[in-house]
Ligand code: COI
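Coming up is one lone chain in structure tokens, specifically the form predicted on its own.
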């Protein structure tokens, strides 16, 4: 990749914020490149964070041909920066591109550009427990109407410092189980990280918030019986304090990088960790009886998010007395210790970015 780095005008540079939110503040620079059939990927640059000029008939606005990723950069105790399993995100980005009839990117070049961008904006990486959120995105840019795959595309990466994804922080969150609406079906685009999946969740998300819940847990679209995932995370269940279960990847849920890491880490910590279908009725009966001892979500944004209660068909199911359970707490500690470089990484999951 021939990457051009555009110098910043001092007047364009914003100061690093002292308070951290989530997804509402962005760094001074961004990466972008364009695709055309006769040129491939070209015009790669790191320049100022600024608006795009797109026509009203641009394809992405009408046919939702768009994908993205979610990653984080973590400040280590020695001042350098860790990326967490970025190769997995590169692969998933390309898998999403193929499903949405978009061109793939060169994974090594993508990662190299991302690392250069983070290195240039290293002052924006906050100390723990904050992190720098990384959002690679690709959109269709043909200036024409018609239901067909675009021929031209824009790939960009933006960054922003973030704190906790949930206002509760690392505390149990309430989750609403949707019994009416469905998010994705096998054979659809549920396993792709594309905006339409999230748009499909917004109505129920607003209804859940009005009822006092933070997230929605989706059930399968065929029977409305099997648990799939939470709106922003995969989901895990702990049985009798020793067995961790998460729904299998059947094509309708996102193959989470954190999910994959949790399965391996849990097994190495001595828990039985399996992928099995989870019947919602059996699971809720297990919560009531105490057989299900913990539930937690896992994803890049929240890392590990304990679930304190479920709402389903006008009933509430309290989990573990609305307390953080020992399995979630241990996995959170072990995982964040690796991400922030507080302990050795025996898996080779981290990519170091040295800060000069």
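Treat the numbers as computed from the prediction; the structure is a model and nothing was measured. Residue numbers count along the first chain shown, from 1.
Below, we refer to the form predicted in complex with the named molecule, which is not included among the displayed structures.
Visitor: Only one of 266-274, 149-157, 279-287, 130-138 gets a heavy atom within 4.5 Å of the named molecule in the predicted complex; which is it?
Guide: Selected range: 130-138.
Visitor: Can we say 165, 193 and 301 each have a non-hydrogen atom within 4.5 Å of the named molecule in the predicted complex?
Guide: Yes, all three are in contact.
Visitor: Could you tell me if residue 219 has a non-hydrogen atom within 4.5 Å of the named molecule in the predicted complex?
Guide: No, no contact at 4.5 Å.
Visitor: Does residue 49 make contact with the named molecule in the predicted complex, using a 4.5 Å heavy atom cut-off?
Guide: Residue 49: no contact with the named molecule in the predicted complex.
Visitor: Any of the heavy atoms of residue 68 lying within 4.5 Å of the named molecule in the predicted complex?
Guide: Yes, residue 68 sits close enough to the named molecule in the predicted complex that at least one of its heavy atoms falls within 4.5 Å.
Visitor: Considering only heavy atoms, tell me if residue 332 and the named molecule come within 4.5 Å of each other in the predicted complex.
Guide: Residue 332: no contact with the named molecule in the predicted complex.
Visitor: Just give me the single entry in 239, 181, 87, 198 that has a non-hydrogen atom within 4.5 angstroms of the named molecule in the predicted complex.
Guide: Going through each option in turn, the one that passes is 198.
Visitor: Pick from 111, 245, 232, 173: which residue has any heavy atom within 4.5 angstroms of the named molecule in the predicted complex?
Guide: Of the candidates 111, 245, 232, 173, 232 is the one lying within 4.5 Å of the named molecule in the predicted complex.
Visitor: Could you list the residues in 1-36 that come within 4.5 Å of the named molecule in the predicted complex, counting only heavy atoms and keeping sequence order?
Guide: The stretch touches the partner through 22 alone.
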